[in-house]
Ligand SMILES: Cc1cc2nc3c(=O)[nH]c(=O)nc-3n(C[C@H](O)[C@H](O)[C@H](O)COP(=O)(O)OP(=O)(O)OC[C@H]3O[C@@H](n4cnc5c(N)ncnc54)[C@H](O)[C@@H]3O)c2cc1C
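Read the single chain below, which is given as structure tokens and is the form predicted on its own.
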Amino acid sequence: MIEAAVADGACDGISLGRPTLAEPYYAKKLEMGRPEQIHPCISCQNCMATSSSKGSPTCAVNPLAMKEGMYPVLRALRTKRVAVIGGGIGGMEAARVAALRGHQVDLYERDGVLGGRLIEAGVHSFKKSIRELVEWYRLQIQQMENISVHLNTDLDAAAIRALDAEAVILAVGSEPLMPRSIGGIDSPKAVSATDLLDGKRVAGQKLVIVGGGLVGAEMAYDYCLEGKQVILVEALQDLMANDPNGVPYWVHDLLIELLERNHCDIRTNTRLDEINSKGAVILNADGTRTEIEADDVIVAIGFCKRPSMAQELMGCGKEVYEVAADNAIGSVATQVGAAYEICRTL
């Protein structure tokens, strides 16, 4: 589109704003004929939000943005053998930066592909930039001779202790919350949001989505676009009001408008009471119980951190680090930032 606009005389040139925070050499890499090397901007609005809160924009995918001169990746004075446990966004960034510093890196991932929760985050039709970020990381790691990738490898603390590594970086990620306290959580109707996003199950036509955070709201929007009947249930007064990583107000407002335009039935101040053979029973603020017929009841109420192995590795003779955000779950920005901070001084 940009090339056509210039060629047709619609404009003399194009200026890129947010994409050049993610990739300052955007134009140079195009000039070189290497567009696949461009660090993708994921349009997450982190830069816009931090422009107000911090006085200067920061980038979720590029920790060096706006501070390249004071925060660069430098070659390590002494290279080490580094084991990175977990191939999600935090683990991939840790492996990349450690390798850039000259360390010999072994990256271990329990699944058969790198990407972690970022793969699920990129499933929606409107999340192309997330898919591009996953592919960018995979390409960077593939091109680095000092990174060895070990897929389908699930390591416990004992196995990590036995590794020939001087430093260990734990980036083990999270699991979806499926509380046993919910009546009928073992019902065939009950399904976690991640199982649908991973393709382990196909959603039916009539859906109840429990949890109006960003994950639940985006799922609801995408299913509405597919023509499904969606009821979105949220216990708080507003959608995305308690997202652990914060949702910029313009994203919040736009997504709610899109849900309403696409006829999503939004039920705030409403809780899931139980899941049964017909669907879901919900409980609103005044105590009224309503049974809703549904093919699937999708649980999207958040994530919990996988158990840490850091304590079990204490005293093992290796340096041990852990990629974890303050809320123990994190976002692209917090995971990338934490991994970069660990590895820039490793």
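Numbers follow the displayed sequence, beginning with 1. Not measured: the values here are computed from a predicted model.
Separately, the form predicted in complex with the ligand exists; it is not shown, and the next lines address it.
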* Any idea which of 161 to 169, 94 to 102, 262 to 270, 120 to 128 reaches within 4.5 Å of the ligand in the model of the complex, heavy atoms considered? -> 120 to 128
* Asked: For this chain shown on its own, do 89, 109 and 309 all sit within 4.5 Å of the ligand in the model of the complex, going by heavy atoms?
  -> yes
* 253, 226, 154, 186: which sits within 4.5 Å of the ligand in the model of the complex by any heavy atom? -> 154
* To do: Verify the contact flag for residue 174: yes if a non-hydrogen atom of it lies within 4.5 Å of a non-hydrogen atom of the ligand in the model of the complex, no if not.
  => yes
* Does any heavy atom of residue 337 come within 4.5 Å of a heavy atom of the ligand in the model of the complex? -> no
* Would residue 191 count as a contact of the ligand in the model of the complex, using a 4.5 angstroms cut-off between non-hydrogen atoms? -> no
* Hey, in the model of the complex, is residue 303 touching the ligand, heavy atoms inside 4.5 Å? -> yes
